[in-house]
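Below sits a lone chain in structure tokens, taken as the form predicted alone.
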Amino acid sequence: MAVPTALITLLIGMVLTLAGLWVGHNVNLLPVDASSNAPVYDALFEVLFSIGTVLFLGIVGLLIYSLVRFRRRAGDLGDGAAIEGNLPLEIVWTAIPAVVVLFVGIYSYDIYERMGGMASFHDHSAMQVATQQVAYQSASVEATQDPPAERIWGGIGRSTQDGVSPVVLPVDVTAMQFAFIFHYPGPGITAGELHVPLGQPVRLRMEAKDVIHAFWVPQFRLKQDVIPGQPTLLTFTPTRAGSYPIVCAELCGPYHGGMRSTVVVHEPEAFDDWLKSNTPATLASASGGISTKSIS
């Protein structure tokens, strides 16, 4: 007795689905994860990798089967069968990709929205930075007037805890052909590398001086455009100590490939030591010492 074609198709579909799930869950092509945002993006990548595996195996398997099953036999000089179409098959191979694309689009947008990718708001951090700078110069002087709020875009990676924004380390990032410059407003440190403490949220306020750049750390699974005249935000919490590459992911000129830097994630004590060793002497003496608590 012949096995129904529908049953064979169902079994093949089940095998392909199981194979795709196994590959997506067990084959890891991503670099080490080093931020609190990484698991969210890794989950999306696992879903995409599983779907891609199912489609790849299904399409390649069908192609190989067709090449073998419907090959021209020796001595066969006739024309192939005149087949006009198969409406149920056309509906299926149109509906399945449509559902997959819709699912991936909704899932991706949900993650992007949760990470703050569509946010646009007015930034009052300039007031906080001004207050910090005054505090380092004179402990008895307080900022009394709020500077105007600035409209910024993005906020990728931002998060809240119980509806309250966590205390963050603010860093100003300037992108130019062909380098990233990092400025810590409180202690007044300017560096060519980004140094951050392990486990503490970091807030990058980024702006370009010439053309569009992009700040990308693969291990953090985060990328944000850096635009001339339009500040953007990138917030992350490092979860693994070490040094990770910062890459410009936007074609910005002839030496774009060499526009790289490094983010160094320190243990909290080591970060305090780095702050103390790099803080200008005048600010350090005026503030009575620098620590991660004093710049947060």
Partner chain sequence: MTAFTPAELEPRSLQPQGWLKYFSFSLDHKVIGLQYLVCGFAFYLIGGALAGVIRTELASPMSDFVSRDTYNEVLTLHGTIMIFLWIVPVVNGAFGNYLIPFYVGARDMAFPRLNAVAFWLIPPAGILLISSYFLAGAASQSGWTAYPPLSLTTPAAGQIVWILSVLLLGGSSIFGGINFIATVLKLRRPGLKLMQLPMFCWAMLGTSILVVLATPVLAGTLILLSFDIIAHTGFFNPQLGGNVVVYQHLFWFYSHPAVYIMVLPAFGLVSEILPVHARKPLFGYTTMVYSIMAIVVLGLIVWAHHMFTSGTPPWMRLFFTIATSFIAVPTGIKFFNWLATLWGGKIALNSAVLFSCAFIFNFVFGGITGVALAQVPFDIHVHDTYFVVGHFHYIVYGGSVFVIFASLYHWYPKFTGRLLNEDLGRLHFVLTFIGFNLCFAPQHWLGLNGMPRRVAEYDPAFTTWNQVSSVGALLMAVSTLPLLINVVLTAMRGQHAGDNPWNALTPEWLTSSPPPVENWIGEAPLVTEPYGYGEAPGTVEVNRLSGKDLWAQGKP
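Source: prediction; values computed, not measured. Numbering follows the first chain given and starts at 1.
A second form of this protein, the form predicted in complex with its partner chain, is not displayed here; the remarks below concern that form.
Its partner chain in the predicted complex comes within 4.5 Å of a heavy atom belonging to residue 250. Heavy atoms of residue 74 never reach within 4.5 Å of its partner chain in the predicted complex, leaving it off the interface. In the predicted complex, its partner chain stays beyond 4.5 Å of every heavy atom belonging to residue 26.
Proximity of residue 170 to its partner chain in the predicted complex falls outside the 4.5 Å heavy atom cutoff. In sequence order, 76, 77, 78, 79, 80, 81, 82, 83, 84, 85, 86, 89, 90, 93, 94, 97, 98, 101, 102, 104, 105, 108, 109 are the residues of 73 to 110 having a heavy atom within 4.5 Å of its partner chain in the predicted complex; the partner itself is omitted from this view.
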